[in-house]
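One chain comes next, on its own, written out as structure tokens in the form predicted alone.
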């Protein structure tokens, strides 16, 4: 899954690593990625469809790309692979890129890309995610395979990075049948009551210091690299966050109103310090398991997010993983209460650029690309 090492090396043979350009689709978390790249001294490239998107970035000179590639559609990126490589471009993936381009097209994009594209195969399926997270020691909400077995609150989620679009709550089979889109792949999860916290981590496989991830399985006894906690957020979702003001779910449905989980924004948050050790245990287990997913797996590289619920028993339930930068890190362009402890003003976008810069100086750039 993803780009093989020999192909990556062939691409990088022609790269001038002293003149790397950081390329990103102008959406999702691109402001912090572009800003962070500039802070670390890189040239930047914005990729967009539509001139209105390009004009918007002029409102943020600190993140306005040095160069633009304007396309008629995002699938055209595949045709510009040689153009990218001639300009020493490294693509930084985020949720919108994967959604706009499609996971199969993204895996086939013939341009060096930050992170491990092979992980997408595991992120793109909720069933495979559960295998991965379970191997990493994470507790998860129960999954209901047969909708006729729904006997309490569940949340139905569709596949893909759509920001919660289409998700709905059901209490029984009747609720499910009324709301489900059977044309889409979906998962039925137990609805766990608690506080939702999105934990943004960064894994640096070339760092030998800090909190070292201990390998499992075939990597048992090995230090795999450094794990860092960058920040945390909660999500504003429209319109479910306001529903409690209007009455019960039954009353609302009598008015033909349904709760929606479309993410419209993100709020910064910190959790009780006593919960942090368990957060690191889950993240460490998840990273260690990523090296065991397939034969010769390169494992996690760079930013990822564990999407969790903390119950009133102070127990974590992990309901999803995003193996890339998430938009919830956007409130922390100037750093977070966690990242500031290690280095002030370190956003996740800047941490990605710092990782590339460090790999270039250590002559090991292929170790963090795919």
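Values in this document were obtained by computation on a predicted structure and should not be read as measured data. Numbering follows the first chain given and starts at 1.
What comes next is about the form predicted together with adenosine monophosphate (AMP), which is not displayed.
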Item to check | Option touching adenosine monophosphate (AMP), based on a heavy atom within 4.5 Å in the predicted bound form, out of 307, 315, 40, 67 | outcome: 307
Item to check | Listed residue (87, 157, 107, 298) with a non-hydrogen atom within 4.5 angstroms of adenosine monophosphate (AMP) in the predicted bound form | outcome: 157
Checklist outcome for this item: Within 4.5 Å of adenosine monophosphate (AMP) in the predicted bound form by heavy atoms, the stretch out of 114-122, 287-295, 187-195, 216-224 is 187-195
Checklist entry - Is there a heavy atom of residue 141 no more than 4.5 Å from a heavy atom of adenosine monophosphate (AMP) in the predicted bound form? => result yes
Checklist entry - With the partner left out of view, is residue 177 within 4.5 angstroms of adenosine monophosphate (AMP) in the predicted bound form by any non-hydrogen atom? => result no
Checklist entry - Could you tell me if residue 233 has a non-hydrogen atom within 4.5 Å of adenosine monophosphate (AMP) in the predicted bound form? => result no
Checklist entry - Looking at the partner-bound form in the predicted bound form, is residue 126 within 4.5 Å of adenosine monophosphate (AMP) by any heavy atom? => result yes
Checklist entry - If you look in the predicted bound form, which residues in 317-332 sit within 4.5 Å of adenosine monophosphate (AMP) (heavy atoms)? => result 319, 320
